[in-house]
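Only one chain is shown below, in structure tokens, and it's the form predicted alone.
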Amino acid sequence: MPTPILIDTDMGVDDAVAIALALASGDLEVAGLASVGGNVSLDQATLNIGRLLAGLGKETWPLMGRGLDQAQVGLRDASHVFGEDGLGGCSLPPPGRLETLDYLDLYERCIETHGRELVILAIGPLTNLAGVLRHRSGLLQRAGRIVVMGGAVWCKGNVTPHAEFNFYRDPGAAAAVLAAGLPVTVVPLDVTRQVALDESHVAQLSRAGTRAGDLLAEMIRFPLEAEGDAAHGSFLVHDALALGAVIWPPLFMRAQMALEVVVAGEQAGRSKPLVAKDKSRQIGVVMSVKVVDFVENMLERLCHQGFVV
């Protein structure tokens, strides 16, 4: 039976790669997609989910939920990396239909339906998950596990010297989720920086003749040329690594440790490893990935599985 997954996303290009990969994976069932502000505004992130699903030719859409934006004024977004629309200025029009639930209702419906089988994949700021913790006490404890793309444990951040983007956007939410005693696995910047796509990979996607290949190749061209967290001419697929840890766990090595997130000040968003003998404070932290195998697996799925219109 496919593993049900709820994806919480701020819908930049790397989010689109992760979602397309999830939809191309027969061992997963995408049960829900929740928008959150981050790479782009909440409105744009919500719209981008519909644009992507329509562009991939999906007749039956997962449940969609509209989540939260961050309240703090002056936070940086990622438009300099992903374009003003978050998807590289691609040619996708607005979807003809866009029906969304409140994110709390989406989480409740997915968890009630799938229970311990459900994997929650959080590939944006953790604002929505912190909201679920506040407003639906005990709900997240009924899910199976939570996989988070976020944090910079031993490496420098990609927004400030201390903070990775998702934790930077809402450090309080990251601190709350990581300290909640939930079955969390974090895939940090230390690992996601190991996997980059270049022009040869874009060409492979273009040659595949699939909707996903054509669409992602168009999106990726923008960050390939942007001044982002990678060498010019390469694109880091951060969020796809978090999904890969769900699909292909043998490709990843992880350790158990406690992480403390700094919530304010110059180091806000920093994730600091702690020695904690209390196992309830420990979470899984991915330490490394078999890069070649991961890239081959990802491209094979995206290039060889078409989408039925």
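Sequential numbering from 1, following the sequence displayed. What you are looking at is a predicted structure, and each value in this text was computed from that prediction instead of being measured.
The protein also exists as the form predicted in complex with a small molecule; that form is not presented, and the subsequent description refers to it.
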Where, among 105-113, 211-219, 232-240, 134-142, do residues come within 4.5 Å of the small molecule in the predicted complex by heavy atom distance?
232-240
May I ask whether Asp15, Asn39 and Asn158 each come within 4.5 Å of the small molecule in the predicted complex, counting any non-hydrogen atom?
yes
Find out whether any non-hydrogen atom of Ile123 is located within 4.5 angstroms of the small molecule in the predicted complex, and reply yes or no.
yes
Flag Leu129 as yes or no: does it have a non-hydrogen atom within 4.5 angstroms of any non-hydrogen atom of the small molecule in the predicted complex?
no
So in the predicted complex, does Leu87 come within 4.5 Å of the small molecule, heavy atom to heavy atom?
no
Even though the partner isn't displayed, in the predicted complex is Ala174 close enough to the small molecule, meaning a heavy atom within 4.5 Å?
no
